[in-house]
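One chain comes next, on its own, written out as structure tokens in the form predicted alone.
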């Protein structure tokens, strides 16, 4: 079984898994070392693939016994047919994509539903650091401004506006901070957000 410390460090894994029925087909974009797909296989018996660009992460996926395809997300998902997966997941990768709008369109084309998790730039600790004159650094945003892979940070409100602009219907939202659910003032108090959505009919 998967090391529980990995799950504790990624509470969005459990939130994502809660939305995925047993035996679903899943495409995990920017899958890293394959930990999420392995977790979903062990807890939901999913079948599917990861997409990753890093050679080191490709090797880690193979070690995790995860099917992986090497590809750059910013080049699109043209290799995948419409509605070829039940779920397409983008976990803690949205903020590092360059063509975010195009990728969101591809997610709802390739998947019957999409699930995205990302660090909330609107979290009060981030706002405070900006107010004090510095770019935020936190457990969710661990990089300095000069070496960060993040190019499109957003708040919960920003993401929901983008979905409305693209004709994407939000089916569910889970906001958390330090592993705890946030219900009151989530855009201010939540450090991580997970959204489930599909293309509006």
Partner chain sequence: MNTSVGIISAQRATFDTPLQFKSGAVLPRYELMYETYGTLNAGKSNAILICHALSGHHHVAGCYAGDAKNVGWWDNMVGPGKPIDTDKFFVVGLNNLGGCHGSTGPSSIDPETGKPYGASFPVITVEDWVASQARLADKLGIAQFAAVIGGSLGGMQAMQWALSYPERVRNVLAIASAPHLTAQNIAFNDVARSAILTDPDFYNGDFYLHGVVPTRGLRLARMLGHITYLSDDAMADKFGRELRHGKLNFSYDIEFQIESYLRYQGDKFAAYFDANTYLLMTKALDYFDPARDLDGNLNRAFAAAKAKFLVVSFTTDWRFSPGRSREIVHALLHNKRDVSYAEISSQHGHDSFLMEDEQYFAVMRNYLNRIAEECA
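This is a predicted model, so every value here is computed, not measured. Numbering follows the first chain given and starts at 1.
Keep in mind the form predicted together with its partner chain is missing from the figure; the text below concerns it.
Novice: Going by a heavy atom distance of 4.5 Å, is residue 63 a contact of its partner chain in the predicted bound form?
Specialist: So residue 63 counts as contacting its partner chain.
Novice: Even though the partner isn't displayed, in the predicted bound form is residue 58 close enough to its partner chain, meaning a heavy atom within 4.5 Å?
Specialist: Contact with its partner chain, yes.
Novice: Quick check on residue 148: any heavy atom within 4.5 Å of its partner chain in the predicted bound form?
Specialist: Output for residue 148 is no: heavy atoms all beyond 4.5 Å of its partner chain.
Novice: Since only the chain is shown here, I'm wondering whether residue 68 would be in contact with its partner chain in the predicted bound form (any heavy atom pair within 4.5 Å).
Specialist: Flag for residue 68 set to yes.
Novice: Go through 114-122, 127-135, 96-104, 80-88 and give me the stretch that gets within 4.5 Å of its partner chain in the predicted bound form, heavy atoms only.
Specialist: It is the stretch 80-88.
Novice: I need to confirm a contact call. Of 152, 173, 47, 169, which residue comes within 4.5 Å of its partner chain in the predicted bound form, counting heavy atoms only?
Specialist: If I apply the 4.5 Å criterion carefully, the residue I get is 47.
Novice: Can you tell me which bits of 186-201 touch its partner chain in the predicted bound form, meaning any heavy atom within 4.5 Å?
Specialist: Result: empty, none.
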